[in-house]
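Before any questions on binding or motion, here is one chain by itself as structure tokens, the form predicted on its own.
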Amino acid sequence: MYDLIVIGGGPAGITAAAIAINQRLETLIIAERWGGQMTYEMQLEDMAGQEVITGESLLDAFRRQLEYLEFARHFDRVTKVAPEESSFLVETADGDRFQARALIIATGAKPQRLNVPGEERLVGRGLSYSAVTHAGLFLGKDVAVVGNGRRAQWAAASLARKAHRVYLLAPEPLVATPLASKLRRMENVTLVEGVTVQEVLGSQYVEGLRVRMPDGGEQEIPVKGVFVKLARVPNSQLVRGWIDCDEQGHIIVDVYCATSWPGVFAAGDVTLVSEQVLVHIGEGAKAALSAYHYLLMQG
């Protein structure tokens, strides 16, 4: 039996597993692959001389440690997580079964894609799903934010302080918030509601968007950056039946990353935190230390 099983191979999961191992906990991290939603780097045509700390360099050391310790990692898809009398059972798609005295759930969230031509090809070449991570690279440029919820509004407001012009393209009417009212008054924000993105334009880097306007006509919007801020679905299905989650499915945690079930902790996008990789690294470390303290108390 393991002391701790970490489920998820993104920034929070990798960090949690490495910190737990450093605390001499018998730890296993289970993930389909290393990754997460925000570990790609952004490349821009005129990026020379710009440096932005994305968290990737901080993750490298942790990832290399886990690559070296083959006994501490298992690549597979987790299909079931269940509490037992004094431990937790984890089953995978290949039929493997593992037990642990504590769990860290770091399964992330699935961002909604545009699913249009050019999107997949230009990810990391001007197209991003994280304004928090990449907004600083678009100083003085024209950019577009696609979405209508609070995440899209915060992204547009943040970018408006850095970019030359921000096009907020809302597929549906903007969710009514005080921030939405402020965005409507900002001089360098152009808000269009009821618009549908048809294509992301550009050969090697983002050059614009082709959209269908509310009147049915098509239009090209020249931009150097596209931030997709549609709804994200937390990957909490494994524990949603026995651990408290909010209405959107985010696992509810306290300041120590503890869930409603003793011995189970959560970190990263599966909880309701900033999507910044650096924050996920911190939350993963916090969850690992909280699990360590929990196990110490159990004797």
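These numbers were taken from a predicted model, which means no experiment stands behind them. Rigid core: the largest C-alpha set superposing within 1.5 Å between the two forms. Note that residue numbering follows the sequence shown and begins at 1.
Just so it is clear, the following notes concern the form predicted in complex with a small molecule, a form of the same protein that is not shown.
Engineer: Does the 4.5 Å heavy atom contact test between R210 and the small molecule in the predicted bound form come out positive?
Structural biologist: So R210 does not count as contacting the small molecule.
Engineer: How about I19 - does it come within 4.5 Å of the small molecule in the predicted bound form, if we only consider non-hydrogen atoms?
Structural biologist: I19: no, not in contact with the small molecule in the predicted bound form.
Engineer: In the predicted bound form, does A106 come within 4.5 Å of the small molecule, counting heavy atoms only?
Structural biologist: Because a heavy atom of A106 falls inside 4.5 Å of the small molecule in the predicted bound form, the answer is yes.
Engineer: With heavy atoms only and a cut-off of 4.5 Å, decide whether S130 touches the small molecule in the predicted bound form.
Structural biologist: Yes, S130 sits close enough to the small molecule in the predicted bound form that at least one of its heavy atoms falls within 4.5 Å.
Engineer: The small molecule isn't shown here, but in the predicted bound form which of L114, V78, L122, A160 has a heavy atom within 4.5 Å of it?
Structural biologist: None of the other options qualify; the answer is V78.
Engineer: Just one of 257 to 265, 242 to 250, 64 to 72, 23 to 31 has heavy atoms within 4.5 Å of the small molecule in the predicted bound form; which?
Structural biologist: Only one stretch passes the 4.5 Å heavy-atom test: 23 to 31.
Engineer: Would the C-alpha of L127 be classed as shifted by 2 Å or more between this form and the one not shown after rigid-core alignment?
Structural biologist: L127 C-alpha, core-superposed: shift of 2 Å or more.
Engineer: Is Q99 one of the residues whose C-alpha moves 2 Å or more between this form and the one not shown after the core fit?
Structural biologist: Superposed on the core, Q99 moves its C-alpha less than 2 Å between this form and the one not shown.
Engineer: Note yes or no: does the Cα of R212 move by 2 Å or more between this form and the one not shown after the core is superposed?
Structural biologist: After core superposition, the displacement of the R212 C-alpha between this form and the one not shown stays below 2 Å, so no.
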